[in-house]
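Given next, in structure tokens, is a single chain: the form predicted on its own.
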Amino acid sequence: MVNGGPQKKRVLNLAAAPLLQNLIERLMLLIFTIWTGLTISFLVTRLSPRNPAEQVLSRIQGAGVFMRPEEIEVMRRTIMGLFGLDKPIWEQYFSFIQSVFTFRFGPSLLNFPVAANDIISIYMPWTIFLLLTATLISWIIGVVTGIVMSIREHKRGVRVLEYIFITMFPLPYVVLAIAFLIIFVGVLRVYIGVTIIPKITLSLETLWAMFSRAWLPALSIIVLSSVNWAMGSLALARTAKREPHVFYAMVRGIPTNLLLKRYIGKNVLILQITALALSLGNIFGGALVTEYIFNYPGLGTLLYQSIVTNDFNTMLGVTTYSILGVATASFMIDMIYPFIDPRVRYGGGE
């Protein structure tokens, strides 16, 4: 009994060592991943042959405003200085890295003089509402459908459903989205949405405005994503059924509900939860194709507009949120995975 306390403390220290080591390694990898992504994003904008100042001058002259050559040169220098583009590239880089810590990316070129982070804050709730809802619904439908199909795969209806899924699986999303747009807007005329982006408030009016604009793009995402989740879950479930302990349980005639819960379902969920977390991390990048087709006011639309207009600050702001979302989701999965899957141990142990 005398040595029980120190021995127990020593065991706890040995158990905590791999956890601390893994945490430090993952944090270093997280920082390196974020830094790499931010650096590449910055270099892409600065190595672009297009100049934001020339873009602004072209729009001014295109509006019929006459300026003398010296006035054009003064305005060009003013615009370059205003956006910090007249500084050496290494100074611009460190200014950008500093802005990541404060989430202040400077003025938006497209919506000058409004700050880029203010513009992003307007569009971000719309993207989160759309993609969070669509991702969760499609994941639940797809995973449950795939697991159930694996249990009843010899039924004729299940085989027909699988053939339908196989046909839809390679279908390009653009084709499905345009088909939905034609059916619900051109033929049925049931999708109108909002023409003005309302200020996001905690009210039923705002919720209804977001739902009325998001339900059709969300439906287009849910239909195809559910098929992808279902096919992936079905493949994982069939692999799990070939495991010796699962096959033995099936031979013993264990009830279907218990088989789904303890054997097949658990194996499928372990991997699909990982994929779900990574998908949720991607929502901060927006859904460019979806938002563009349905003219949805999200981060994907904002990113597209910033690329077209060379709005570097807004472009880097949206990209930063996307990088942080994906990297953080990956980090969290790495840390909690041993709690989800008991076969995984910190430090590489079994």
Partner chain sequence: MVQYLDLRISLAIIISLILYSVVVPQLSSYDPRLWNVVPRERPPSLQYPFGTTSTGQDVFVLSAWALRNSLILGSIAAVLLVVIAFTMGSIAGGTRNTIIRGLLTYLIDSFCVIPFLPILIMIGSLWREALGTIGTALVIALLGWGGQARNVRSVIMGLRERTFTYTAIFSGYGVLKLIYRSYLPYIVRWLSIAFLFGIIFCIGLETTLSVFGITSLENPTIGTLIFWTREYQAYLRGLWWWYTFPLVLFIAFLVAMYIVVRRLIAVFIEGVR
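Residue numbers count along the first chain shown, from 1. C-alpha atoms forming the largest set that superposes within 1.5 Å between two forms make up the rigid core. Keep in mind that this is a model prediction, so the values were computed, not measured.
Heads up, the form predicted together with its partner chain isn't pictured, but that's what we're talking about next.
Checked against its partner chain in the model of the complex, the candidates G186, P113, P244, G157 yield a single residue with a heavy atom inside 4.5 Å, and that residue is G186. Proximity to its partner chain in the model of the complex, defined as a heavy atom within 4.5 Å, holds among F103, W208, F169, Y93 only for F169.
Interface residue remark: Y163 is counted as part of the site for its partner chain in the model of the complex, having a heavy atom within 4.5 Å.
In the model of the complex, no heavy atom of Y296 sits within 4.5 Å of its partner chain. Using a 4.5 angstroms limit between non-hydrogen atoms, M231 touches its partner chain in the model of the complex.
In the model of the complex, no heavy atom of L57 sits within 4.5 Å of its partner chain. This chain is displayed without its partner chain, yet in the model of the complex the stretch 176 to 184 from 176 to 184, 130 to 138, 211 to 219, 267 to 275 comes within 4.5 Å of it by heavy atoms. Residues from 29 to 49 that approach its partner chain in the model of the complex with a non-hydrogen atom closer than or equal to 4.5 Å are L29, F32, T33, T36, G37, I40, S41, V44, T45, L47, S48, P49, in the order they occur in the chain.
Positional change of G186 between this form and the one not shown reaches 2 Å or more at the C-alpha, relative to the superposed core.
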